[in-house]
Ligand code: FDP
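The chain below stands alone, shown as C-alpha coordinates; this is the form predicted alone.
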(Lines give C-alpha, C1' and ligand atoms only; values in the text may rest on other atoms or scores of the structure.)
Protein backbone atom coordinates (compact mmCIF):
# COMPACT_ATOMS: atom_id res chain seq x y z
CA UNK A 1 0.00 0.00 0.00
CA UNK A 2 1.24 3.53 -0.75
CA UNK A 3 2.78 5.42 2.15
CA UNK A 4 3.50 9.08 2.71
CA UNK A 5 7.07 8.40 1.64
CA UNK A 6 5.80 7.04 -1.69
CA UNK A 7 3.98 10.26 -2.50
CA UNK A 8 6.64 12.76 -1.46
CA UNK A 9 8.29 14.31 -4.56
CA UNK A 10 11.94 14.05 -3.50
CA UNK A 11 14.70 12.09 -5.17
CA UNK A 12 14.01 9.84 -8.15
CA UNK A 13 13.21 6.20 -7.50
CA UNK A 14 14.25 3.18 -9.55
CA UNK A 15 11.91 1.59 -12.05
CA UNK A 16 11.95 -1.64 -10.04
CA UNK A 17 10.82 0.18 -6.90
CA UNK A 18 8.12 2.04 -8.81
CA UNK A 19 6.78 -1.18 -10.33
CA UNK A 20 6.58 -2.74 -6.87
CA UNK A 21 4.68 0.28 -5.57
CA UNK A 22 2.27 0.15 -8.52
CA UNK A 23 1.51 -3.50 -7.82
CA UNK A 24 1.08 -2.75 -4.11
CA UNK A 25 -1.40 0.03 -4.85
CA UNK A 26 -3.41 -2.07 -7.30
CA UNK A 27 -3.60 -4.95 -4.81
CA UNK A 28 -4.65 -2.62 -1.99
CA UNK A 29 -7.37 -1.10 -4.17
CA UNK A 30 -8.76 -4.47 -5.33
CA UNK A 31 -10.92 -5.30 -2.28
CA UNK A 32 -12.26 -1.73 -2.22
CA UNK A 33 -13.15 -1.91 -5.91
CA UNK A 34 -14.83 -5.26 -5.34
CA UNK A 35 -16.78 -3.96 -2.34
CA UNK A 36 -17.95 -0.93 -4.34
CA UNK A 37 -19.45 -2.91 -7.23
CA UNK A 38 -22.95 -3.83 -5.91
CA UNK A 39 -24.20 -0.26 -5.74
CA UNK A 40 -22.75 0.81 -9.12
CA UNK A 41 -24.52 -1.44 -11.62
CA UNK A 42 -26.21 1.41 -13.53
CA UNK A 43 -24.88 3.15 -16.60
CA UNK A 44 -23.05 6.46 -16.33
CA UNK A 45 -24.38 9.54 -18.10
CA UNK A 46 -21.47 9.86 -20.54
CA UNK A 47 -19.69 7.74 -23.14
CA UNK A 48 -16.03 6.77 -22.92
CA UNK A 49 -13.49 7.54 -25.70
CA UNK A 50 -14.42 4.31 -27.51
CA UNK A 51 -18.05 5.35 -27.81
CA UNK A 52 -19.25 2.92 -25.14
CA UNK A 53 -21.39 3.84 -22.17
CA UNK A 54 -19.57 2.72 -19.02
CA UNK A 55 -21.17 1.63 -15.80
CA UNK A 56 -20.76 3.74 -12.70
CA UNK A 57 -18.53 0.90 -11.48
CA UNK A 58 -16.06 1.61 -14.31
CA UNK A 59 -15.85 5.28 -13.32
CA UNK A 60 -15.54 4.42 -9.62
CA UNK A 61 -12.61 2.04 -10.24
CA UNK A 62 -10.91 4.48 -12.61
CA UNK A 63 -11.16 7.41 -10.19
CA UNK A 64 -9.73 5.36 -7.33
CA UNK A 65 -6.80 4.06 -9.35
CA UNK A 66 -6.08 7.43 -10.91
CA UNK A 67 -5.90 9.11 -7.50
CA UNK A 68 -3.67 6.46 -5.96
CA UNK A 69 -1.38 5.64 -8.87
CA UNK A 70 -1.15 9.25 -9.96
CA UNK A 71 0.18 10.18 -6.52
CA UNK A 72 3.00 7.66 -6.63
CA UNK A 73 6.50 9.05 -6.94
CA UNK A 74 7.97 7.44 -10.04
CA UNK A 75 4.71 7.43 -12.04
CA UNK A 76 4.78 10.22 -14.62
CA UNK A 77 1.67 9.51 -16.69
CA UNK A 78 -1.68 7.82 -16.10
CA UNK A 79 -4.19 6.78 -18.75
CA UNK A 80 -7.30 4.62 -18.72
CA UNK A 81 -9.91 3.33 -21.14
CA UNK A 82 -12.39 5.71 -19.54
CA UNK A 83 -10.41 8.90 -20.24
CA UNK A 84 -9.80 10.65 -23.54
CA UNK A 85 -6.37 12.03 -22.69
CA UNK A 86 -3.24 11.04 -20.82
CA UNK A 87 -2.88 12.62 -17.38
CA UNK A 88 0.56 14.05 -16.67
CA UNK A 89 1.16 13.63 -12.94
CA UNK A 90 3.96 16.21 -13.00
CA UNK A 91 6.52 13.98 -11.28
CA UNK A 92 8.12 12.18 -14.24
CA UNK A 93 8.77 8.46 -14.44
CA UNK A 94 6.96 5.40 -15.76
CA UNK A 95 3.64 5.51 -17.60
CA UNK A 96 0.66 3.44 -16.41
CA UNK A 97 -2.30 2.37 -18.57
CA UNK A 98 -5.34 0.93 -16.81
CA UNK A 99 -8.45 -0.91 -17.88
CA UNK A 100 -10.19 -0.25 -14.56
CA UNK A 101 -12.93 -2.89 -14.88
CA UNK A 102 -12.51 -5.23 -17.81
CA UNK A 103 -15.73 -7.12 -18.48
CA UNK A 104 -17.92 -4.78 -16.43
CA UNK A 105 -20.94 -5.91 -18.46
CA UNK A 106 -20.61 -9.09 -16.39
CA UNK A 107 -21.63 -7.16 -13.30
CA UNK A 108 -25.33 -7.67 -14.06
CA UNK A 109 -25.14 -11.51 -14.33
CA UNK A 110 -22.50 -11.65 -11.56
CA UNK A 111 -19.78 -13.16 -13.74
CA UNK A 112 -16.02 -12.58 -13.59
CA UNK A 113 -14.35 -9.27 -14.36
CA UNK A 114 -10.95 -7.77 -13.73
CA UNK A 115 -8.51 -4.86 -13.71
CA UNK A 116 -5.65 -4.72 -16.23
CA UNK A 117 -2.40 -2.82 -15.62
CA UNK A 118 0.26 -1.96 -18.21
CA UNK A 119 3.50 -0.22 -17.21
CA UNK A 120 5.67 1.46 -19.87
CA UNK A 121 9.07 3.12 -19.70
CA UNK A 122 8.07 5.72 -22.31
CA UNK A 123 5.51 8.49 -22.83
CA UNK A 124 2.02 7.42 -23.91
CA UNK A 125 0.96 6.16 -26.34
CA UNK A 126 3.89 3.77 -26.03
CA UNK A 127 5.05 0.74 -28.01
CA UNK A 128 4.87 -2.85 -26.83
CA UNK A 129 8.66 -2.91 -26.68
CA UNK A 130 8.48 -0.13 -24.04
CA UNK A 131 6.59 -2.35 -21.58
CA UNK A 132 8.41 -3.17 -18.34
CA UNK A 133 5.61 -4.88 -16.38
CA UNK A 134 1.99 -5.95 -16.73
CA UNK A 135 -0.60 -7.37 -14.38
CA UNK A 136 -4.25 -8.19 -13.99
CA UNK A 137 -6.55 -8.62 -11.02
CA UNK A 138 -9.36 -11.14 -11.38
CA UNK A 139 -12.54 -10.72 -9.32
CA UNK A 140 -13.79 -14.30 -9.25
CA UNK A 141 -14.70 -16.62 -6.40
CA UNK A 142 -11.50 -15.24 -4.87
CA UNK A 143 -9.53 -12.15 -5.80
CA UNK A 144 -6.27 -13.07 -7.53
CA UNK A 145 -3.54 -11.13 -9.29
CA UNK A 146 -1.15 -12.22 -12.04
CA UNK A 147 2.02 -10.15 -12.51
CA UNK A 148 4.65 -10.32 -15.26
CA UNK A 149 7.94 -8.58 -14.54
CA UNK A 150 11.65 -9.37 -14.69
CA UNK A 151 11.05 -12.20 -17.20
CA UNK A 152 8.78 -14.18 -14.88
CA UNK A 153 5.07 -14.49 -14.10
CA UNK A 154 3.69 -14.92 -10.58
CA UNK A 155 0.15 -15.41 -9.30
CA UNK A 156 -1.09 -14.08 -5.97
CA UNK A 157 -4.25 -14.23 -3.89
CA UNK A 158 -5.40 -10.89 -2.44
CA UNK A 159 -7.11 -10.85 0.96
CA UNK A 160 -9.78 -8.47 2.22
CA UNK A 161 -7.14 -6.08 3.56
CA UNK A 162 -5.40 -5.74 0.20
CA UNK A 163 -2.40 -7.84 1.21
CA UNK A 164 -1.29 -10.46 -1.30
CA UNK A 165 0.38 -13.84 -1.00
CA UNK A 166 2.14 -15.87 -3.68
CA UNK A 167 0.28 -18.99 -4.80
CA UNK A 168 2.26 -19.76 -7.99
CA UNK A 169 5.77 -18.74 -9.05
CA UNK A 170 7.39 -19.00 -12.49
CA UNK A 171 3.99 -19.53 -14.07
CA UNK A 172 4.06 -21.08 -17.53
CA UNK A 173 1.31 -22.23 -19.86
CA UNK A 174 0.59 -25.97 -19.45
CA UNK A 175 2.05 -28.25 -22.13
CA UNK A 176 -1.28 -30.06 -22.60
CA UNK A 177 -3.75 -27.26 -23.48
CA UNK A 178 -7.45 -27.89 -23.00
CA UNK A 179 -9.45 -24.64 -23.36
CA UNK A 180 -10.38 -22.07 -25.98
CA UNK A 181 -12.45 -18.89 -25.98
CA UNK A 182 -13.35 -16.85 -29.08
CA UNK A 183 -15.03 -13.44 -28.98
CA UNK A 184 -17.17 -11.55 -31.44
CA UNK A 185 -20.39 -12.67 -33.12
CA UNK A 186 -19.86 -15.84 -35.16
CA UNK A 187 -21.65 -14.38 -38.23
CA UNK A 188 -19.10 -11.53 -38.18
CA UNK A 189 -16.04 -13.79 -38.20
CA UNK A 190 -13.98 -13.65 -41.40
CA UNK A 191 -13.70 -16.93 -43.30
CA UNK A 192 -10.07 -17.66 -42.36
CA UNK A 193 -10.80 -17.36 -38.66
CA UNK A 194 -14.04 -19.31 -38.93
CA UNK A 195 -12.14 -22.18 -40.58
CA UNK A 196 -9.48 -22.06 -37.87
CA UNK A 197 -12.10 -22.02 -35.10
CA UNK A 198 -13.80 -25.06 -36.63
CA UNK A 199 -10.52 -26.98 -36.45
CA UNK A 200 -10.01 -26.09 -32.79
CA UNK A 201 -13.61 -26.96 -31.92
CA UNK A 202 -13.34 -30.33 -33.67
CA UNK A 203 -10.62 -31.45 -31.25
CA UNK A 204 -12.42 -33.49 -28.54
CA UNK A 205 -9.74 -32.62 -25.98
CA UNK A 206 -10.59 -28.90 -26.20
CA UNK A 207 -13.34 -27.28 -24.11
CA UNK A 208 -15.08 -23.95 -24.72
CA UNK A 209 -14.43 -21.40 -21.97
CA UNK A 210 -15.81 -17.98 -22.88
CA UNK A 211 -17.38 -15.74 -20.27
CA UNK A 212 -17.47 -12.26 -21.80
CA UNK A 213 -14.62 -10.90 -19.69
CA UNK A 214 -11.41 -10.90 -21.69
CA UNK A 215 -9.17 -11.17 -18.67
CA UNK A 216 -11.28 -13.97 -17.19
CA UNK A 217 -10.99 -15.90 -20.45
CA UNK A 218 -7.24 -15.26 -20.67
CA UNK A 219 -6.88 -16.51 -17.10
CA UNK A 220 -8.47 -19.79 -18.19
CA UNK A 221 -5.71 -20.11 -20.81
CA UNK A 222 -3.05 -19.20 -18.25
CA UNK A 223 -4.41 -21.94 -15.97
CA UNK A 224 -5.23 -24.75 -18.40
CA UNK A 225 -3.45 -23.84 -21.65
CA UNK A 226 -5.10 -23.25 -25.00
CA UNK A 227 -6.03 -20.11 -26.90
CA UNK A 228 -8.07 -16.94 -26.47
CA UNK A 229 -9.02 -14.78 -29.44
CA UNK A 230 -10.91 -11.60 -30.06
CA UNK A 231 -10.46 -11.73 -33.82
CA UNK A 232 -10.64 -9.39 -36.73
CA UNK A 233 -14.30 -9.11 -37.77
CA UNK A 234 -15.94 -8.41 -41.09
CA UNK A 235 -17.41 -5.18 -39.71
CA UNK A 236 -14.44 -4.39 -37.42
CA UNK A 237 -11.12 -5.33 -39.05
CA UNK A 238 -9.20 -4.06 -36.01
CA UNK A 239 -11.30 -6.09 -33.60
CA UNK A 240 -12.53 -4.68 -30.30
CA UNK A 241 -9.62 -4.68 -27.84
CA UNK A 242 -7.36 -1.66 -27.26
CA UNK A 243 -3.64 -2.03 -27.85
CA UNK A 244 -2.35 0.07 -24.95
CA UNK A 245 -4.81 -1.21 -22.33
CA UNK A 246 -5.41 -4.83 -23.35
CA UNK A 247 -3.35 -6.04 -26.31
CA UNK A 248 0.14 -5.16 -25.10
CA UNK A 249 -0.27 -6.19 -21.43
CA UNK A 250 -2.00 -9.50 -22.23
CA UNK A 251 0.57 -10.26 -24.91
CA UNK A 252 3.38 -9.45 -22.49
CA UNK A 253 1.99 -11.70 -19.75
CA UNK A 254 1.33 -14.66 -22.05
CA UNK A 255 4.70 -14.40 -23.80
CA UNK A 256 6.52 -14.11 -20.48
CA UNK A 257 4.73 -17.32 -19.45
CA UNK A 258 6.14 -19.12 -22.49
CA UNK A 259 3.20 -18.67 -24.83
CA UNK A 260 2.71 -16.60 -27.97
CA UNK A 261 0.66 -13.56 -28.89
CA UNK A 262 -0.34 -12.26 -32.30
CA UNK A 263 -2.51 -9.83 -34.20
CA UNK A 264 -2.78 -12.45 -36.92
CA UNK A 265 0.57 -11.59 -38.49
CA UNK A 266 3.08 -10.69 -35.76
CA UNK A 267 3.61 -10.64 -32.01
CA UNK A 268 1.33 -8.17 -30.27
CA UNK A 269 4.48 -6.67 -28.78
CA UNK A 270 5.56 -5.64 -32.30
CA UNK A 271 2.22 -4.10 -33.30
CA UNK A 272 2.50 -0.38 -34.07
CA UNK A 273 -0.61 1.75 -33.71
CA UNK A 274 -1.22 5.48 -33.57
CA UNK A 275 -3.47 6.85 -30.87
CA UNK A 276 -4.05 6.07 -27.23
CA UNK A 277 -7.29 4.15 -27.87
CA UNK A 278 -6.29 2.27 -31.05
CA UNK A 279 -7.56 -1.29 -31.39
CA UNK A 280 -6.08 -4.59 -32.54
CA UNK A 281 -7.14 -8.20 -33.07
CA UNK A 282 -5.82 -10.31 -30.18
CA UNK A 283 -4.77 -13.97 -30.27
CA UNK A 284 -2.90 -15.38 -27.25
CA UNK A 285 -2.11 -18.85 -26.02
CA UNK A 286 0.14 -21.84 -26.46
CA UNK A 287 2.67 -21.51 -29.25
CA UNK A 288 1.25 -24.23 -31.50
CA UNK A 289 -2.24 -22.69 -31.47
CA UNK A 290 -1.02 -19.22 -32.40
CA UNK A 291 1.32 -20.65 -35.07
CA UNK A 292 -1.64 -22.46 -36.64
CA UNK A 293 -3.74 -19.29 -36.42
CA UNK A 294 -1.17 -17.25 -38.31
CA UNK A 295 -0.83 -20.01 -40.90
CA UNK A 296 -4.61 -19.94 -41.40
CA UNK A 297 -4.46 -16.23 -42.21
CA UNK A 298 -1.53 -16.80 -44.58
CA UNK A 299 -3.41 -19.37 -46.68
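Numbering follows the first chain given and starts at 1. Everything numeric here is computed off the predicted structure, so don't read it as measured data.
The discussion below concerns the form predicted in complex with the named molecule, not included here.
Picking from 149 to 157, 207 to 215, 124 to 132, 87 to 95 the stretch near the named molecule in the predicted complex, with a 4.5 Å limit on heavy atoms, gives 207 to 215.
Screening 184, 177, 181, 76 for any heavy atom within 4.5 Å of the named molecule in the predicted complex leaves a single hit, 184. The partner is absent here; in the predicted complex, the one residue of 144, 104, 115, 219 having a heavy atom within 4.5 Å of the named molecule is 104. Among heavy atoms of residue 60, none comes within 4.5 Å of the named molecule in the predicted complex. Taking non-hydrogen atoms only, residue 242 approaches the named molecule to within 4.5 angstroms in the predicted complex. Within this chain, residue 252 is remote from the site of the named molecule in the predicted complex, having no heavy atom within 4.5 Å. Of the residues in 139 to 153, none comes within 4.5 Å of the named molecule in the predicted complex through any heavy atom.
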